[in-house]
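Coming up is one lone chain in structure tokens, specifically the form predicted on its own.
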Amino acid sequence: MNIEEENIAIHLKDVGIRYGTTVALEHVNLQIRKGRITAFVGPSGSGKTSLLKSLNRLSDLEKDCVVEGEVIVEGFGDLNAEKIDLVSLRRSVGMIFQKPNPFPISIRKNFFLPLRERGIKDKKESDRRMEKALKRVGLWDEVHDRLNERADRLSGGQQQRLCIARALVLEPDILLFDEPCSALDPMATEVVEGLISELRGELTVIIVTHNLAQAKRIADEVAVFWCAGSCKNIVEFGCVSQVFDAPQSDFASQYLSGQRG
């Protein structure tokens, strides 16, 4: 393996996704580099979230979903060819959803349950890890005296930060974000974007977003998805400045300029 290959966290080879007979994506070839923030952009229905869910096998939970090709994740090999420990995979490749989804139990138990699943049962150690994660997302000062209150009573922005902290407490290598700010107000969005940006260099991050300005603000690289006629693929991929300033694909140019999509 050369140095370039060692810098790849995820390698997709001729990946296709379909739901029954309906094709969502086809012939996707993509390399996601370690420690980078990669944005998936494109019109609704272009396959962004479908591809995102295939990266930790949440696609298994979608009715009639079939993922073809090779989805190679560092440390796990081809997710479609190997016998995969899904618990370990989803611990290593965490996901933050569009709508915050804290467990409807106390803030403390939102951390203790996943830590217990990982084999960490000591209360002091669990408390230490919880505090570290909550401080990482700037939430500790806001909730340290409310840890026994229900997490779903926090504000929307606080809930999303808690979900990020809950993912971080398991020390993942990759974090997937599916429209994490779509339900948040501008101030909460700014906070979450800042948190995602701070993960650069530490984790590999992929974010699905319809907000092109957000992609430009926080991403290092961007993949433009398109779904029209026979085109159900990624039509452009590269560093943010190159893709936004000088796209090579007509589809990407028209979408990024607001002419289509």
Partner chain sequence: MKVLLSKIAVLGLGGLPILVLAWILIDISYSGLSEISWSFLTEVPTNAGRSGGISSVIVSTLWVVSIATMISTFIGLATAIILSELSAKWEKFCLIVRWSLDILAGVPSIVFGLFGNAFFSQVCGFGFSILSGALTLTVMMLPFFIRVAEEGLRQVPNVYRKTGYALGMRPLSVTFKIVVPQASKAIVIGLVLSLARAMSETAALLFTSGYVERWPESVFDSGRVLSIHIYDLAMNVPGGIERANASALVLIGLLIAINLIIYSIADFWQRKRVV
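Numbering follows the first chain given and starts at 1. As the structure is a prediction and not an experimental result, all values here were calculated from the model.
Below, we turn to the form predicted together with its partner chain, even though it does not appear here.
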{"item": "Contact assignment for its partner chain in the predicted bound form, among L199, L58, V235, V192, heavy atom within 4.5 Å", "value": "L58"}
{"item": "Contacting member of Q158, N80, N101, S126, with respect to its partner chain in the predicted bound form [4.5 Å, heavy atom]", "value": "N101"}
{"item": "Stretch in contact, per heavy atom within 4.5 angstroms of its partner chain in the predicted bound form, of 176 to 184, 101 to 109, 67 to 75, 129 to 137", "value": "101 to 109"}
{"item": "4.5 Å heavy atom contact, E117 and its partner chain in the predicted bound form", "value": "yes"}
{"item": "4.5 angstroms heavy atom contact with its partner chain in the predicted bound form for E221", "value": "no"}
{"item": "Partner contact for K53 in the predicted bound form: its partner chain, 4.5 angstroms, heavy atom", "value": "yes"}
{"item": "Heavy atom of E26 within 4.5 Å of its partner chain in the predicted bound form", "value": "no"}
{"item": "Three-residue site V87, L113 and N148 fully in contact with its partner chain in the predicted bound form at 4.5 Å by heavy atom", "value": "yes"}
{"item": "Residues in 174 to 194 with any heavy atom within 4.5 Å of its partner chain in the predicted bound form", "value": "none"}
